[in-house]
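Given as structure tokens, the chain that follows is alone and in the form predicted on its own.
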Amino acid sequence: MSQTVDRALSILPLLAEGPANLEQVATRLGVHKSTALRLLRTLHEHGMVYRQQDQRYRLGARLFALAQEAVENLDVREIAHPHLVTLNERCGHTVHLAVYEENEVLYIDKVESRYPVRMYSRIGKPVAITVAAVAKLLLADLPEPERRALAERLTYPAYTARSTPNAAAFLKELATVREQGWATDFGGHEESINCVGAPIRGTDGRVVAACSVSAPNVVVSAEELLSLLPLVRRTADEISREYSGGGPASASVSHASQNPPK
């Protein structure tokens, strides 16, 4: 990288700390003020920095627009897929990736189990929103008023005896999922199918997707599947870090993780 480009880019993290004047920029870069001014003018012309009335410089609106555009164009499925394949290779069970869109939770990727007994699920198909582990993870992250309103307008089919019965029970479970940072579905949709899942987060800590491992109980018991939770969570964290451009994958205190029950 040329010295000029390197110096210009070094200005951006400086201004991310707060507005700075010409002398402060020059001092931080270790250059003459005329050099710093030339770099600032170039960045200003491209909208990367903005000169305030007090003659201090701050980050420009164009930089924020580019960052937002980059985030919007990220394809979480493309980023997640190699990690899902690795997870599948390590555990052998069906792996799903899901997102929340327009009041539905949809599977957007799937890696099939290596075992002959397989799950009937399709990419693009909505999940059973009141019982699926991925749905609980995605809905638990919604703001409380939105979460409550959604829970109250959902219907609660009795798929099995373990299905979520009503809005109050659903909200209670979502609160638990939000606190612990992982979710399960042990026979809530199909008696014979169990599932464990973990959230994938963006740069702001919000949940953008969820991944899960599912298996029939003729292949592995619920307890044995739950033992895979650390692996599922590590996979989700790895996807989160890559999706966030190498930033922290952990959530805020309100989303603090806890260990699964023994």
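Keep in mind that what you see is a predicted model, and the values were worked out from it rather than measured. For the two forms, the rigid core is made up of the largest set of C-alpha atoms that agree within 1.5 Å on superposition. Don't overthink the numbering: it's just position in the shown sequence, from 1.
We do not show the form predicted together with the DNA, though everything after this point is about it.
Not displayed here, the DNA is kept clear of Leu9 by more than 4.5 Å at the level of heavy atoms in the predicted complex. Using a 4.5 angstroms limit between non-hydrogen atoms, Glu23 touches the DNA in the predicted complex. Taking the partner from elsewhere, Leu37 is found to have a heavy atom lying within 4.5 Å of the DNA in the predicted complex. For Gln55, a non-hydrogen atom is located within 4.5 Å of the DNA in the predicted complex, even though that partner is not displayed. Of the candidate stretches 28-36, 190-198, 218-226, 59-67, only 28-36 has residues whose heavy atoms lie within 4.5 Å of the DNA in the predicted complex. After superposing the rigid core, the Cα of Ala36 is displaced by 2 Å or more between this form and the one not shown.
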